[in-house]
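The chain below stands alone, shown as structure tokens; this is the form predicted alone.
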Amino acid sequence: MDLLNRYLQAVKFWLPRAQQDDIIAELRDDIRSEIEERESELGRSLHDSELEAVLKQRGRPLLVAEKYLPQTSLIGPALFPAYWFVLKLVMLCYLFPWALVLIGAIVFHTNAYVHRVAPTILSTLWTNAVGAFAIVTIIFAVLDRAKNKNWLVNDWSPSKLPPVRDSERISRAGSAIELIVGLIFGTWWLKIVWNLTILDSHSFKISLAPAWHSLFWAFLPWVVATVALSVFNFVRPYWTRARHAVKAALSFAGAIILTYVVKIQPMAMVTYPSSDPEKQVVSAINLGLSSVFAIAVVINVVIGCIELWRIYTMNQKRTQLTSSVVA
């Protein structure tokens, strides 16, 4: 039934998150009933090609999912799931970082320079949000009116759907990349925190404030523990509650350390060989560093919360499995 699971996974992707499990359970029972009827007629199990024909008759996953979605007028139900997915992707990858920069600038700075910059960032954020929403909406509205639905119905095969993803399995390639990046970036970062030098050229020098040096001993065990987790994930590529808990603890610990980093003001000092640096240049460098680390704090907190949620869902699944076995 691997082909059926792959088909259901593809349908689930387009469904509303709150209703995914109920709809998929209903659809699975319906398809299995149809398969059992055909098997009883033939007196044997269906071959893969026959099962593929059953699923193909059901229709492309996008069209099956649209039956459970609310009807829209500007963009039809056939393209609305893809439209909503692209819109969320734009918000997450483009507008969300801008919003974090604005929040970091407002929360962690009170000087006059930030008050001059914040309205500009807010204006840019609002303009980009409206522009992104309008462009994506117009594109999908045009596609909805010009589309030929034959490409949705014909020329597709259930066997070409992606395999069912094991949510508890860790990609060894991903762990290897995390390990290599962790070693390279961790070594580079610890060297900077120890030497307090970001850039040193013939024209000018950018150095971290002396207060950074005391944070070296906080970053060192955090980097070592992060690299060790990547090694362990590579050797034993399966998520467990304990490993989720370790990752959550490391994320929250990183957020705490970076919070102390953001409080260091000024973060960096600029030294010119023959003249005093312009105040705007120094302010811009410190604002940029503060914004980056403020965003990093938020990202670490989000990752930690996600890991706690994964622990909770794992406990729920085990409780449901135990209850079903007892019943």
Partner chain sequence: MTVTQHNAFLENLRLELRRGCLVVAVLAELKTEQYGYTLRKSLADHGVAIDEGTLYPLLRRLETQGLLVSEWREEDKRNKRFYRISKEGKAVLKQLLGDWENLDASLRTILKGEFYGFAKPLLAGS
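Positions refer to the first chain, counted from 1. Fair warning: this is a prediction, and the values are worked out from it, not measured in the lab. By rigid core we mean the largest C-alpha set that fits within 1.5 Å across both forms.
A second form of this protein, the form predicted in complex with the partner chain, is not displayed here; the remarks below concern that form.
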Q: Could you tell me which one of 10, 303, 311, 23 places a heavy atom within 4.5 Å of the partner chain in the model of the complex?
A: 23
Q: Just one of 44-52, 294-302, 27-35, 256-264 has residues with a heavy atom within 4.5 Å of the partner chain in the model of the complex, so point it out.
A: 27-35
Q.
I'd like to check something about residue 58: if you look in the model of the complex, is any of its heavy atoms closer than or equal to 4.5 Å to a heavy atom of the partner chain?
A. yes
Q) Aligning on the rigid core, do we see the C-alpha of residue 54 shift 2 angstroms or more between this form and the one not shown? A) yes
Q.
My question is whether residue 35 is one of the residues whose C-alpha shifts by 2 Å or more between this form and the one not shown, given a fit on the rigid core.
A. yes
Q. 2 Å or more on the CA of residue 311 between this form and the one not shown, with the rigid core superposed, yes or no?
A. no
